[in-house]
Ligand code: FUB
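For reference, the chain that follows is the form predicted on its own, supplied as structure tokens.
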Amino acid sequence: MAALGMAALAAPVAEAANPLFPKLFTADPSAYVENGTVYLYVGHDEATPKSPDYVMNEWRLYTSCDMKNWTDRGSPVQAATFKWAKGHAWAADITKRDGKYYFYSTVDHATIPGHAIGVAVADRPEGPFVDARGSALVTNDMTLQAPIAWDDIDPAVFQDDDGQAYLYWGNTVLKYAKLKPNMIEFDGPIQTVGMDMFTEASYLHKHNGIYYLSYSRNFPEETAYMTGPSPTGPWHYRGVIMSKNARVKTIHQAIVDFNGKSYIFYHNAKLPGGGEFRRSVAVEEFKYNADGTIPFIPQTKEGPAANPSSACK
């Protein structure tokens, strides 16, 4: 669908428990925090109960100033944003640099077999986003570590305190590369990380000086993580922090700090009619242990308590 004005689309969602959005099937959350507001980007599962595969054409955006009440901001970016792609709006991630917002997304390439990673850019987190390159940043023929068409998926972007940005992605093999300051080109070769039982959904965040590399492990997936002293490791395996889902094989996490508390977003299949291709995004609050490790986080129906920021006033 074409990008629409966000002001016209903004609509309040009733105070949410888990899953967060009862009117749509959503998946693959990516969260960005700015000025007391959480911007939550999710894939839209449009599959029917009889669909044999994912049907995903757009990413949706919801915002909240308290982690409890969410506003629907419509679809700021779609697979059709990338004219060189032919659909499959899979997992994405976003960051800000020099006043611009960069959205890294998984799509299916129209002429190079396999999935690819594109970059869209906007002046506001609400979009609308446009293709920043006019071509893919990563295509399947650039990475030959795995003989599958979907090994270049789930991009996750991280900017360190020194300004250096990195992109992480992959299925079965975790890959990463430094980004140039323009955020749309790599600054050096693509590297790999040797990991046991890595599946997908790599995500890097930093908390109190520790780097946390979380990811989906095994299949059906559970969420695990490692820690290290830098964005490139060396990594120390820490364990599983969320169990696999009962009715869907994927889980896909994003971890952020908001208004003095820490949260993990993920998806399950707990909406009525949910399933493998009809998923639902949820969120939990958690507290780091005294030694900086992350505790095991159970999935709940209630979700976190309201945590209003100054943006709610």
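For clarity, every value in this text was computed on a predicted model and none was experimentally measured. Numbers for residues come from their place in the sequence shown, where the first is 1.
What follows is about the form predicted in complex with the named molecule, which we do not show.
Heavy atom within 4.5 Å of the named molecule in the predicted bound form - the one residue of L213, A91, V77, V138 that qualifies: Filtering the options by heavy-atom distance leaves A91.
By the heavy atom within 4.5 Å rule, which residue out of A201, A116, L167, L204 makes contact with the named molecule in the predicted bound form? Looking at the other structure, the residue within range turns out to be A201.
Proximity to the named molecule in the predicted bound form (heavy atom, within 4.5 Å), stretch among 281-289, 60-68, 244-252, 33-41: Answer to the contact question: 244-252.
Close approach of I153 to the named molecule in the predicted bound form, 4.5 Å, heavy atom: The answer is yes: I153 has a heavy atom within 4.5 Å of the named molecule.
Can you check whether M56 is within 4.5 Å of the named molecule in the predicted bound form, heavy atom basis? Flag for M56 set to yes.
Is any part of 16-37 within 4.5 angstroms of the named molecule in the predicted bound form by a non-hydrogen atom, and which residues would that be? The stretch touches the partner through D28 alone.
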